[in-house]
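Only one chain is given next, in structure tokens, and it is the form predicted on its own.
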């Protein structure tokens, strides 16, 4: 994946956002979505972010990419709010974003133009934060002070110390643990440990990668407050999400 291709994708609106529903446990009531970027490549069709996010991070394009995602997600959130169907919208950040001196200012300006912070959730990857020699705690605190909720994403059994240390509102337990916990006793114990650490600080816990009813049936007993995964719905464009939502009413 070449840098110039990704620059073109950002500047010429080849990127699109799909939204994966997040539902309440155990009611399955829709409460929010996670915004997930896709590249509508003119030759290759829809390209997964796994193929271009690493390039964006290594080439410095992650700032422009994140700014684009944040703006588009907030604009879509405003549409849902205007239509009387507000949903929280979660946007993924890289650690580079959190250390970027321009990011906080851009976020403030975007919130003024594209919608307030009350429905915005910012997600930061647990592994990247664990490796960071200078965790961006002041930036996380600033976001929370502005009314933005903060998520520790992709948390594993190694991240209980991050739950204890970082100013966060939500912990997302990793897909790898959640998909295994129904058949792997050790994975289940790891999940319980992460959720217990979160609940000890009154932090919500979300299960990621819920793909079958057996896994779903474990969630409430463990202490999860919300979940997302293909059992509930795959990521989808806004128009399809509206249809999916209407069919559930």
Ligand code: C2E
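Numbering follows the first chain given and starts at 1. Being a predicted model, the structure only gives us computed values, none of them experimental.
Omitted from view is the form predicted together with the ligand, to which the following refers.
Student: Can you work out which of 219, 181, 208, 195 has a heavy atom no more than 4.5 Å from the ligand in the predicted complex?
Tutor: Flagged contact: 208.
Student: Which pick from 151, 126, 92, 77 sits with a heavy atom within 4.5 Å of the ligand in the predicted complex?
Tutor: It is 92.
Student: Any idea which of 182 to 190, 22 to 30, 196 to 204, 58 to 66 reaches within 4.5 Å of the ligand in the predicted complex, heavy atoms considered?
Tutor: Only one stretch qualifies here: 58 to 66.
Student: Might residue 235 be said to contact the ligand in the predicted complex, defining contact as any heavy atom within 4.5 Å?
Tutor: Although the ligand is absent here, residue 235 would touch it in the predicted complex, with heavy atoms inside 4.5 Å.
Student: Indicate whether the ligand has at least one heavy atom within 4.5 Å of a heavy atom of residue 41 in the predicted complex.
Tutor: Output for residue 41 is no: heavy atoms all beyond 4.5 Å of the ligand.
Student: Please run the contact check for residue 71 against the ligand in the predicted complex: heavy atoms, 4.5 angstroms, yes or no?
Tutor: No, no contact at 4.5 Å.
Student: When the contact criterion is heavy atoms within 4.5 Å, does residue 49 count as touching the ligand in the predicted complex?
Tutor: Contact with the ligand, yes.
Student: Could you list which residues of 165 to 194 come within 4.5 Å of the ligand in the predicted complex, counting heavy atoms only?
Tutor: If the 4.5 Å heavy-atom criterion is applied to the ligand in the predicted complex, 165 to 194 yields only 175.
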